[in-house]
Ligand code: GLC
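Next up: a single chain in structure tokens, the form predicted on its own.
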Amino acid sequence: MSKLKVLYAVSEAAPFIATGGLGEVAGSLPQALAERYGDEIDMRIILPLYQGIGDRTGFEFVGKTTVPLAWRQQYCGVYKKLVNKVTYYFIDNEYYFKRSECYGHFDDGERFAFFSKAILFILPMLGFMPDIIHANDWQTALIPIYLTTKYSSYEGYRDIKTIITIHNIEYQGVFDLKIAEDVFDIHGKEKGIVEFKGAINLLKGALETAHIISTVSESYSREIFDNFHAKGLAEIIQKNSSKIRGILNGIDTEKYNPENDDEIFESYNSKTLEKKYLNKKNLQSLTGLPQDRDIPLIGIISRLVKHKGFDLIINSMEEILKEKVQFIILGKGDRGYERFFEYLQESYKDKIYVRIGFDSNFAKKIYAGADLFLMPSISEPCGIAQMIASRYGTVPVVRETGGLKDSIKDASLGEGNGFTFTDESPEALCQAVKRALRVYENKEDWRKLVKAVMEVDFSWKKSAEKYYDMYSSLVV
């Protein structure tokens, strides 16, 4: 039996470039699939060759061509590199991708239209005609659309199946309908596929044309049937309900491993938890907080935006700060939230340390040194921060939504791996934190909980099995 051929199309992928969870997933899921099913699956990834991919050691030039996009004829170079058992392809076009940031440009629609078109155009050059193209978010949503509108009758293309994974439905690729032909090369009746509420909506088009729609947790796959979570696309989700699957993300448990992590103060595991305290002590010293083992230290690592639950945090801080507690907050986002936490730090210098920005090295130190990790999201498709925190024995406190609900179970009554609450209210958040603090007061109970939290398996093992089954279901 020949191998199942899968091309994973994505706008970013670790270890080459990652701006968030999408890049983390793209860097670890295909590797997990190749590792576990290497004899049955040929897993390859394709992404843009951004300026930010500085180290190009071992890149092999595959070839070059000219890709048509509406009236344009654009250069397309192709490079590849083998990492472990996965082949990575890179689409080169300096006009589109030689920029300081991956996203946020005025012509992002055109940039990723080119990327999607180029992927389909170069398949013969690669000598790799996939059984499945797995697209991710709006940046590659045009792949199932173009396959349906432009390539469905082409030899070698007509049997390709497509999957679109929604990592966050909030980002949909919405553009003015007037540029459908000029920028996206979408004409006539084809516009009906992408048109939604008087505009182009690329994600909507992918939901209509892909063979499977997947989300990054089981709960999120159910939540997006209502408009609050679907951000206006509920009617399209409902129309395509038979296509929808939910599979919880995992994390790279080697990258996030306190036993051999050289970015933390002291390495440790679930059997050497005394060394975790040394991380806490050094973190308190680094941030100027009082070095006190008995004060529970709460970490927050997040974008400071509304849907991450920061209104709940702000409206509960006064009550929580009455407790014997410390906070370390790392993140950036809405300036109003940034100012609030800066003000709070000035008022509670012995209880709060705030760093505005993002620093992956400092984040690791928080994961290792904090006792609790607060993540009260209003909406969270999956979330990996709660899984990383768990890996380091830092007990999550989360709101039950999306992947947080699927990954963290309340430990208040015994078995569990964190503390959860349901209501979208400061009072519910306070109660969850206080339940955690009461358990913390009993050192033996806390040690047992930390050990249990560290030993939860958040690797890709179970999820990779589900992805493999999903892929297989498309080619029977």
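From 1 onward, residues are counted along the sequence shown. Nothing here was measured: the structure is a model prediction, and the numbers come from that model.
Same protein, other form: the form predicted together with the named molecule, not shown, and the subject of what follows.
Only one of 200 to 208, 383 to 391, 346 to 354, 282 to 290 lies within 4.5 Å of the named molecule in the model of the complex by heavy atoms, and it is 383 to 391.
Put simply, residue 116 is far from the named molecule in the model of the complex: not one heavy atom of it is within 4.5 Å. By the criterion of a heavy atom within 4.5 Å, residue 405 is excluded from the residues contacting the named molecule in the model of the complex.
Under a 4.5 angstroms non-hydrogen atom cutoff, the named molecule in the model of the complex has residue 25 among its neighbouring residues.
Heavy atoms of residue 167 reach within 4.5 Å of the named molecule in the model of the complex, making it an interface residue. Shown without its partner, this chain lists 224, 163, 216, 194 as candidates; in the model of the complex, only 216 has a non-hydrogen atom within 4.5 angstroms of the named molecule.
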